[in-house]
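Next up is one chain by itself, shown in structure tokens, the form predicted alone.
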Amino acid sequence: MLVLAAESTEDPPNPVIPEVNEIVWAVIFFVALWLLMRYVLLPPITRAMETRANTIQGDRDAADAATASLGSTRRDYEASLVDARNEANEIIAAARTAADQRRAALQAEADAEIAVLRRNAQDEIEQARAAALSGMRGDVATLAVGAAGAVLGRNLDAGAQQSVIDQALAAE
């Protein structure tokens, strides 16, 4: 009974507060886990993260260099393009000038040829007209002398009347 009374006076152990030996074992395992993490598990992870960060930084640097190179190349390309356009415009202007000069020369040759043809045609017309007039002059003189003889009722000499007929034809 006495034992039961002594036991009943002690407080029952609190299930939330650990025992001292549990705390010691927890500290030992915590330190062991910390040492394991610190010296065995974390270094490869840290090295992998550093390697990854270095790779990313290297790629970014390479991308920046490529972007800078691209900008330089683009500026060179655009400058070359502008030069090529200017050269093309100069070539086109020179070709237009040469074409205009050639066209003017051909036009002048054509105009000269047309003038020669026109002059030749005019000469041919004049020759044909003179031939027609000289041919008609004799016929007109013969008809006029015949008509005048019929009106007057006598024969007229065409040779004697030729000067009168020439004056009448020249007046028209």
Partner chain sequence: MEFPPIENVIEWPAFLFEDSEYFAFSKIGFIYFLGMALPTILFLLANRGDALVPRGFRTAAEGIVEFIDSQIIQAAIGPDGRRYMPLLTSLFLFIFIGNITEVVPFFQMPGNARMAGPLVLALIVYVMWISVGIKHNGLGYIKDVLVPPGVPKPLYLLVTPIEFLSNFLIRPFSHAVRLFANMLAGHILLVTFTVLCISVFSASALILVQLGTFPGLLAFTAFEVGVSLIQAFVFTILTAVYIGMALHPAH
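From a predicted model like this one, the values you see are computed outputs, not experimental measurements. Take the two forms, find the largest set of C-alpha atoms that superpose within 1.5 Å, and that set is the rigid core. Numbering follows the first chain given and starts at 1.
Note that the form predicted in complex with its partner chain isn't included here; everything after this is about it.
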query: Contact assignment for its partner chain in the predicted bound form, among L33, L133, A115, A65, heavy atom within 4.5 Å; finding: L33
query: Heavy atom within 4.5 Å of its partner chain in the predicted bound form - the one residue of R119, R103, R129, R38 that qualifies; finding: R38
query: One stretch from 66 to 74, 43 to 51, 140 to 148, 105 to 113 that, in the predicted bound form, holds residues within 4.5 Å of its partner chain by heavy atom; finding: 43 to 51
query: Output flag, P18, N21 and A26 jointly within 4.5 Å of its partner chain in the predicted bound form, heavy atom basis; finding: yes
query: Exercise: P13 in contact with its partner chain in the predicted bound form, heavy atom 4.5 Å; finding: yes
query: Core-superposed comparison between this form and the one not shown, V27 Cα displacement 2 Å or beyond; finding: yes
